[in-house]
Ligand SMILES: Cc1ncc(COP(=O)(O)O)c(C=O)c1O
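Take a look at this one chain, the form predicted alone, written out in structure tokens.
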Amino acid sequence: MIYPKLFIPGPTPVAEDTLAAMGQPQVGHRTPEFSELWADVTAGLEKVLGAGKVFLFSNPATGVWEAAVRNTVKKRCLNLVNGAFSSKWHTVTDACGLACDALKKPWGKAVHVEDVDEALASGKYDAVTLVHNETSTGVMSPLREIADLVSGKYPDVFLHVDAVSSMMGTEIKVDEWRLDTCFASVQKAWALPAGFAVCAVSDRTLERSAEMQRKGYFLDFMVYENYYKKQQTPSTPSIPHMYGLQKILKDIEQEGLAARFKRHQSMAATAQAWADRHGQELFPEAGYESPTITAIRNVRGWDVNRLYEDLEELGYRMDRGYGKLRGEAFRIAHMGAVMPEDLDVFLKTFDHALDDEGEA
């Protein structure tokens, strides 16, 4: 079977040499050779994220949503909600039995510093969660500005950041920006198969975690901290993903972080210009467009389901819009292993499908 090339927001394409790297022989996870692999990968992650400590999770970031709040929320959590995934994080926080409130913004709008300031001024909260790049809408909220507010004006509040579709597609400096957790699954801009996550954790998060009760075992940061000191993971990890990360980190070093981020921004500009040429509108609030996902408001009423079928026949998998946005706002992903020339070919193929349907 020939699988279509992916231009969806995740999973994203994985390069052949990355897949080959993941196919290396298994090693025992309590052996010196594993600790060498762990140390190499962890050091690389801490370097590119500007983080003092990064934990490795053999589960998607959904699990880290739960870990972040279970390990820190004593009083009440503020979940910043402006799309499907930030809404799910609120659902997870509530399902953990923690007191929480959702600060809701319309889909397509960013979370602004003023929104956060007004809510935290109540004094009710000791933690806040932010989805940096809302994958469902293609909106990137101003993380640096929000982080400066929280750390500067509300230093007792923990800031937890879901960077699932932004990490390695745009600049994030964990320690400098004083983020308490910052995490991502690897199937987006990291360009790896799904099923693994990385999480930077601040020292004060670990201090808080040591005080917390009834946080379970599997997602207890203190358990991860104990094994971090041994250069191991608490349970048997996905070693193929670690080999893959080792390969991706070498690729990132070769490309350069600045060049990588510039590539993503350039592809975003290409996708945005393509939408404009076709008389479509961008779904995100102006000035807060994602560098990794372009969400396009379908003002021209294209038959997205028909285009999906046509593009599949031409060898591509497109996105039709997430959840309630299906058909109303479709997304074009351009991150990770996707190169500008790949995007150019996809958009030309999309044009061909539009011509065939008389939509151009």
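These figures come from a predicted structure and were not determined experimentally. Residue positions are given as counts along the sequence shown, with the first one as 1.
Keep in mind the form predicted in complex with the named molecule is missing from the figure; the text below concerns it.
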Specify the contacting stretch among 184 to 192, 263 to 271, 100 to 108, 118 to 126, defined as having any heavy atom within 4.5 Å of the named molecule in the predicted bound form.
184 to 192
Select from the listed residues 154, 224, 85, 177 the one whose heavy atoms reach within 4.5 Å of the named molecule in the predicted bound form.
85
The named molecule in the predicted bound form has a heavy atom of only one listed residue within 4.5 Å, and of 332, 69, 329, 61 that residue is 61
In the predicted bound form, does residue 65 come within 4.5 Å of the named molecule, counting heavy atoms only?
yes
Residue 135: touches the named molecule in the predicted bound form, heavy atom cutoff 4.5 angstroms:
yes
The named molecule contact in the predicted bound form: residue 78, any heavy atom under 4.5 Å
no
Can you work out whether residue 200 and the named molecule are in contact in the predicted bound form, taking contact to mean some heavy atom pair no more than 4.5 Å apart?
no
